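Have a look below at one chain only, the form predicted alone, in structure tokens format.
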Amino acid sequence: MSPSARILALAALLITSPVYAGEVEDAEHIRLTEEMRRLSKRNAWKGVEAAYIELEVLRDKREVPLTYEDYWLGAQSARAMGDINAVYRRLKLAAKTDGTREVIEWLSDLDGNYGQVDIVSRKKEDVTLAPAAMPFAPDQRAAIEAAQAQVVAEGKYQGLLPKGDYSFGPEALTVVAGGDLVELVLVDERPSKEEREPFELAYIGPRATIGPAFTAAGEPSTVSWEADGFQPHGFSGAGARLGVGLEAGLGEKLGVLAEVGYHGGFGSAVSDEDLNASAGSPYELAARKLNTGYGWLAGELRLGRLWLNAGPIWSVGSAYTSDIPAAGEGAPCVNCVVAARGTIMAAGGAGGAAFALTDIGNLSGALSLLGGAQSDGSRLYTWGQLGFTLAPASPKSE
């Protein structure tokens, strides 16, 4: 039979031969073991390690049992990689498979020079693992360096370390060969309830502001001349604003204040010229008035002598105003003056800035500029104030 005919006959035999379950896995096991032997003779331990990892996959997923030689070569490749924990695990498996003298001696050497540790850092800052003295043995140096790398990457290490003294962050630990597991957990120190200092305000004291103010009542949403819903045109006027309250510092820069006070605005009455032009004769009418009380709650940020504050405000009070209806607005009269007094309840926000000029005992005097906007549902009231403020002095930095 010619060579080509023999090849064809062999191929036909292989194709027609049944393949039983497990034969492929066994063939792969044999191939990987042979590859490990060949690479180990050339000290190509990275290749040996890669082949051993494939054998572990066969064992775990295909239930292919590994041999003593597989574990033995795997332990040697792990040592070359500096993975002392893998060395120990694989030697233990080799000893279960076949407790040879060389395996027992190697395990005894590890038990006589290494100890088990479980160290974890839960501190916010990074910590390091450092031996008091680096050993000369290459295997032990590699084991320490691998543990140090894991601590840097994950903040923890569990496994074997050469016997000796170490520092782990601020703590010291001693590893005893073959001794008990050394456990150490680092956490950020938090004082107990008994050790915690009670909360203290940075400052607290009375607060008062006084000064002229200007108020503008904007145009209403709808101008109405009905007796039960009188809404005249907008008006404005100067007045005064006075507030007193309490301010407390939650810290050196952040504080809160509560203030109540009076806000008034006064405007001129409808002028004689307006009346003469519309009614044709002189007419005397009281000046426009706005008198409200307010409550203000705000937060304050102190940046040295500059104080910034803002918060919600609520006002309640009364207003008196007069107006000359324009033609076509549906007023009940023509060439007349309509006056009304009503109650105002308005909510909104207020804020401002103050600059501390001088200290008066435990208080500071400041020039303040305040402003706000409030609405009663019908119109918007805006105001501004230039005032003088007395408030608790900021704490002095030590």
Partner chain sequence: MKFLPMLPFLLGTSALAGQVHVSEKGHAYNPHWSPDGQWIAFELNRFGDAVDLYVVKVSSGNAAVPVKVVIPGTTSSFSGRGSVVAHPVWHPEGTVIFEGSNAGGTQRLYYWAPGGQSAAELLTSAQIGGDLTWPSLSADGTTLAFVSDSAGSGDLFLWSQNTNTISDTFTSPDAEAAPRFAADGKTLAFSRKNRGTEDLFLYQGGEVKPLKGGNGDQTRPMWVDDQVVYFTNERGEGHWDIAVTDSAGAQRTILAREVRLPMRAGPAITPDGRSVVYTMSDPEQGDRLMVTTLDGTKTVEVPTGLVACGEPDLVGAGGKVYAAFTALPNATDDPNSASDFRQLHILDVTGKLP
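Residue numbers count along the first chain shown, from 1. For clarity, every value in this text was computed on a predicted model and none was experimentally measured.
The same protein has a further form, the form predicted together with its partner chain, not shown here; the description that follows concerns it.
- Exactly one of the stretches 205-213, 153-161, 69-77, 313-321 approaches its partner chain in the model of the complex with heavy atoms within 4.5 Å, and it is 69-77.
- Not displayed here, its partner chain is kept clear of D188 by more than 4.5 Å at the level of heavy atoms in the model of the complex.
- At the 4.5 Å threshold, heavy atoms of N43 reach its partner chain in the model of the complex.
- Within this chain, E252 is remote from the site of its partner chain in the model of the complex, having no heavy atom within 4.5 Å.
- By the criterion of a heavy atom within 4.5 Å, D139 is counted among the residues contacting its partner chain in the model of the complex.
- For the marked spot (E28, E34 and G82), a heavy atom within 4.5 Å of its partner chain in the model of the complex is absent from each of the three residues.
- Checked against its partner chain in the model of the complex, the residues P135, G99, G293, G178 give one hit for a heavy atom within 4.5 Å, which is P135.
- The partner is absent here, but in the model of the complex a heavy atom of W106, alone among W106, F235, Y166, Y88, sits within 4.5 Å of its partner chain.
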